[in-house]
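Take a look at this single chain in C-alpha cells; it is the form predicted on its own.
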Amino acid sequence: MKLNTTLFIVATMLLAACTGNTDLTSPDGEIKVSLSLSQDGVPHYQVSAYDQAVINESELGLAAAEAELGNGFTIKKVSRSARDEQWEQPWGENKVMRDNHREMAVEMENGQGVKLTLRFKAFDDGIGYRYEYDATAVADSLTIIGDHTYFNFAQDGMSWSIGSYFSGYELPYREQAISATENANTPFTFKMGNIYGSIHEAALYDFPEMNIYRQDSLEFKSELAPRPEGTLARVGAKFTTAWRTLQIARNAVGLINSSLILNLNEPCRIADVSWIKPQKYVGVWWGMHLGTHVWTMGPRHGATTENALKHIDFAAENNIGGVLFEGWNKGWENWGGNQHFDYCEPYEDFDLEKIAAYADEKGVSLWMHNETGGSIFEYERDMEKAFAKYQSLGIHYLKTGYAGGMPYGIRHHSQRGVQHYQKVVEKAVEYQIMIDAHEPIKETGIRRTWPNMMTREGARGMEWNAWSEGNSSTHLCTLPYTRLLSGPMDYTPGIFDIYYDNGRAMGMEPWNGDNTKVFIKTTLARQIANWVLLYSPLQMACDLIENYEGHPAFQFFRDFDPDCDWSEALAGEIGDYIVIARRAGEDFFLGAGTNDEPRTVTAELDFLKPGVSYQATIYADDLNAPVITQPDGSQAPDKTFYTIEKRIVTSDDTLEISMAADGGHAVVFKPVQ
C-alpha cells in the first residue's frame, strides 16, 4: 500500500546563527512554544494557546551519573522546517491522516562537550518535544538517574487521570483540581479556562515510561519507571527519548480528534501489511470471570474442543471473524505458584489441530492466548517456537497477558518492560501475528510504525464488572478523553445479560463471593454503543454466546465493521457524555453514551454522504422501562429494556439522541440501494 503521499509543499529553512529566535508556532498560529536558557545554561520552555498561557516557564533536561546532561549549555544552531502531507495507514480510526506541522531543532553544547538537540514540533492540535543527546565526548554509555522535565501549569483547572503506578493502569479515574493531584500516569487530561489539554508520550522505545509528580501547587515533574536497583535507564552515549506531548483543543472532543500522537511516530516498517486486518471476535473469556467456567481442566473447563467448535459455528453464522480461547494451554494449574505456561501444548480436552482445521473450514480465525504471569524471560525464550506453531496452523491473532509481577523486581513500565513488549511485537511480525496485549505498556502511537500491534488493554476493562463494584457510566464517559487518547483499547465490551440472570442460572460464582451486588452498571443500549465509542480494530462481543443467540439487538454487532475508514467525535464533555461517528466502507455507525444523568443530545447527520439516503437502524434506551429492584437493592428503571427503530435519513437531517441514566444510543446507517 502507499504509506506516504506528499500533497503539499515541504519547506526547509536553516538558521545557522548561534542566537536568535527560539519560538515556534503551529501552522494556524494559535499554539506557540518558546525555548530559553537560564543564566547557568539550563533549557526552559513555555507554551501558550489561543492567547492564553498553558505551561509557564519550565525546566528541561535529564541527569546521568557519568556526564552533565542538564546545564551549562549554549545554543549553537537553530534549524527550522515545515511539513504538510497526507499519509495512509492499513487500519485506524482514520486511514488517511494529515501531518501538518512546523519543526524547530535547537542544537546546544555544554562545557563537557555534551551535545543536546531539543527538537520541537508544533501542530494545530498541540506540541511534541524530545531530547537527542550525544555524550560521546565524555562516556561510551550512560546511566540515567533523573528526569528534569517540568510542567508548570499557568493556572489551576480540573484534571482527569489515574494515579502513578509503574506496574499497571487498572486504576479508577479521578476528577479533581490540577493542584489537588499528587501524581498521575499519562494521558493526564485537564481543562484550564476554556482550553482542554492532555500530557502524554509518543514513540516510546527502549526507555522507561513517564509519570508526573506534583512539586508545588501547579508545578509537576517527570518521574520515570525505575530499574530494580533504583536507576532509571541504561543507554548509549548517543540516544533519543520518546516525544513528550501536549495535545491542546478548544473543546473536549477536539482531544479525541487529534492525530498528534500518531504523527510523532515513524512511518510503517513492515513492507507487506496485507495480512494485518481488523476483526470482530467472540470467545471463551467472560465465563471465567463470571465463574461459570474456569481456565483449568475439569467439569467447568471453558476451552474444550466441544465448546470451541460451538463458538466457531456461532462466529461463522453471525458475520464474526474470530474466536478467542483462554485456558487452552497447559500451565493454568500453576497459577499462583511457579507461573509456568506451555505456549504450544494444549490441555487434553482441547484438540488444537482439529479446532484449527475446523475454523479454517468455516472461514473463522482462531485466536491464541498467551498468559505469561509476568514471566518475561521465560516468554522470550519460548515465544518464537510458539509463534512458529501458530503460523503453521494458520493462526495470526494473539492475545498476550502479564497478570502478575515481573521477576527480579522489574516493573512492567520500566525500561526492561518496554524493551520486552517491543521485542514481542517485532518477533510477531516475522510470523505474521497480530498482537492484542493485556497488562501492557501504554500505547504511544507505535501502531503507526508496527501496525501488527493492534490493540491493548491498559485501563479498567469489562472484567472489573464481574468481581468488583464494577465500572460506572462515568468511567465509560471518561475513557475516550483519557486512556483512548493514547490509542485503541481492548475493553472487551458488549454484555447483554445485564443483571447476570443467565449467569446465575448457569452456576455463576463471582470472585467477590456476593452475587447479589454484581451487575453491569449501564443499560443494554449503552453496551451496544460501546462497540462504537471504545475504539479497537479488534472488537469483541464479550458476553457468553448463549446470551446473544436469538437476541434482536445483536443484529448491531452482526452489521458492525471495526475496519474504520473515518471517525470523528461529534460532541461531549469529559465524564459526562460522548457522541462518536465512524465510517467503514459505505456504512456509518454512531455511538453515544451518558453518565448517570439522563441526557438528550442533537446530532447533525452532515457526516453522511450528500445526496445519499440511508436506512438508520436505531438501538436506544426504552425511556418507559419499568422501575425494578436491582441486585444491589436500589430502585431504578430496568436497564435491559431497549427499542429498535428504523427510518430513512440523509445528511440534511438531525438525530435526537435521548438516553436514560447510564444509557446509550447506537445507530447503523446503510445506504438505500
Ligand code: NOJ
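Don't overthink the numbering: it's just position in the shown sequence, from 1. All values derive from a computational prediction rather than experimental measurement.
The form predicted together with this ligand exists for this protein as well; it is not shown, and the discussion that follows is about that form.
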Report the stretch among 502-510, 284-292, 389-397, 100-108 that approaches this ligand in the predicted complex to within 4.5 Å, counting heavy atoms only.
284-292
Hey, in the predicted complex, does E463 get a heavy atom within 4.5 angstroms of this ligand?
yes
So in the predicted complex, does R130 come within 4.5 Å of this ligand, heavy atom to heavy atom?
no
Is R214 part of the interface with this ligand in the predicted complex - any heavy atom within 4.5 Å?
no
Using a 4.5 angstroms cut-off on non-hydrogen atoms, would V273 count as touching this ligand in the predicted complex?
no
Exactly one residue in R227, K280, H438, K277 has a non-hydrogen atom within 4.5 Å of this ligand in the predicted complex; which is it?
H438
Please pick, from D147, E201, E93, E371, the one residue with any non-hydrogen atom lying within 4.5 angstroms of this ligand in the predicted complex.
E371
Restricting to 333-359, the residues within 4.5 Å of this ligand in the predicted complex through any heavy atom are W335
